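Form predicted alone, single chain, as structure tokens, below.
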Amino acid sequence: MKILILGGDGYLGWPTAMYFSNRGYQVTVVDNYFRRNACTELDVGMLYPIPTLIQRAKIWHELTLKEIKVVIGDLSDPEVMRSFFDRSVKYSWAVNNKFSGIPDTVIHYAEQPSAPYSMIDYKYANITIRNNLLVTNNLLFALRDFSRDTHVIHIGTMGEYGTPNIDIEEGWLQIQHKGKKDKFLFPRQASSLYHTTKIMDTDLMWFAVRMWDLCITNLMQGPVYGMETQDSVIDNQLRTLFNYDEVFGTIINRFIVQTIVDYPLTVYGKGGQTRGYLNINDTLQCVHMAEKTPAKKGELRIFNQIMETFSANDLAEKVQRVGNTLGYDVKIDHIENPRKEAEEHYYNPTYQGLLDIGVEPHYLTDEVLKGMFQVAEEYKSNIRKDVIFKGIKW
């Protein structure tokens, strides 16, 4: 099976590439280093240095004798996207430069992933909108023109739903109105321009499925935590990138690093904001199970990709408890909320679909947190307190 990973240099993209490569798939990754360049431009530090995508692919090949083909290119350019389907692709690195063939599955991570980044100002909002929507649209038209049977696995976000005062179903809602029934996409109400682009992604994909009978699985993912996977442990240079700043760092990852450098855990406002979370290893599982049981032609299949829910207060207290057992004096600081969001709300999402197709969850245990502390402590000297909180407001 041939897998094309869009955004293969990212926090989730690179672990996904190793995961599938290690299981015998033919893997090609493409990236334009957006995340790395944005971190440099905004001067937000990563926890540890990361080899380039080409260097990582070479290290992977040396250690495993398995090939991950690499393309460095901007997928918002339609010709770059189409090259993977019209046989004109030029690999930036490969053991064998022969065309791998049209992909059976495309895993789409290639989007600007940060709500704070999208809200810095109108320029960053424009970058987010342009990148995210053009990449998705380019993919859909390439599939229409060259390969309507290719299965797309798109990483959406639970942030599309917002925090409605009703239970959140898995993507769809049955409506009865004036004696008639129909099924519609679940009402969505994003809290940032990044999340708004993900809503637009879903609408673009639903259009393409209806018009061209494409087959798409949309994984509505919650915030991810962790850094080690079973494939990265063979060499530290294969670890995925890890941000701990306000712009690109997810909350659990940030709290771990804040604890290590005696920086009070930054809980926004009342701390009742509740979301669904999952371990990075479960992202890999979910994508794999979705690939093994693809959507049908003409189907937009939606799963809510979370494994458990926590409030910001819950997470701060968990990290505080584990940190204290490790000898840290962990303080929690409720700061003025820089975001416009409900700080106390109802939140009850359904997330059964991925379990039904075979995903076995990892939960946020004390042992998991201790493992994250252990890795982060190796790089304590790299941590910059000045990048943890920048106060981006909206």
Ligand SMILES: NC(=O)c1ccc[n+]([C@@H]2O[C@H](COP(=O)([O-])OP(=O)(O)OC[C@H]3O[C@@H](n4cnc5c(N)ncnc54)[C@H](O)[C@@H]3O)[C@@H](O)[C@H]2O)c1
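Treat the numbers as computed from the prediction; the structure is a model and nothing was measured. Residue numbers here begin at 1 and follow the sequence given.
Another form, the form predicted together with the ligand, is not on view; read the next lines as being about it.
Quiz item: Does the ligand come within 4.5 Å of any heavy atom of residue 135 in the predicted bound form?
Solution: Although the ligand is absent here, residue 135 would touch it in the predicted bound form, with heavy atoms inside 4.5 Å.
Quiz prompt | Non-hydrogen atom contact residue 19 with the ligand in the predicted bound form at 4.5 angstroms | solution = No.
Quiz item: Is there any non-hydrogen atom of residue 34 lying within 4.5 Å of the ligand in the predicted bound form?
Solution: Flag for residue 34 set to yes.
Self-check item: residue 109 within 4.5 Å of the ligand in the predicted bound form, heavy atoms
Solution: Residue 109: contacts the ligand in the predicted bound form.
Practice problem: Could you check which residue among 103, 323, 156, 171 gets a heavy atom within 4.5 Å of the ligand in the predicted bound form? | Solution: Answer to the contact question: 156.
Quiz item: Looking at 271, 294, 264, 223, which is the one with a non-hydrogen atom within 4.5 Å of the ligand in the predicted bound form?
Solution: The residue in contact is 223.
Quiz item: Pick from 226-234, 184-192, 74-82, 314-322: which stretch has a heavy atom within 4.5 Å of the ligand in the predicted bound form?
Solution: Contact-bearing stretch, as computed: 74-82.
Exercise. May I ask you to list the residues of 249-278 that have any heavy atom within 4.5 angstroms of the ligand in the predicted bound form, in sequence order?
Key: Result: 250 alone.
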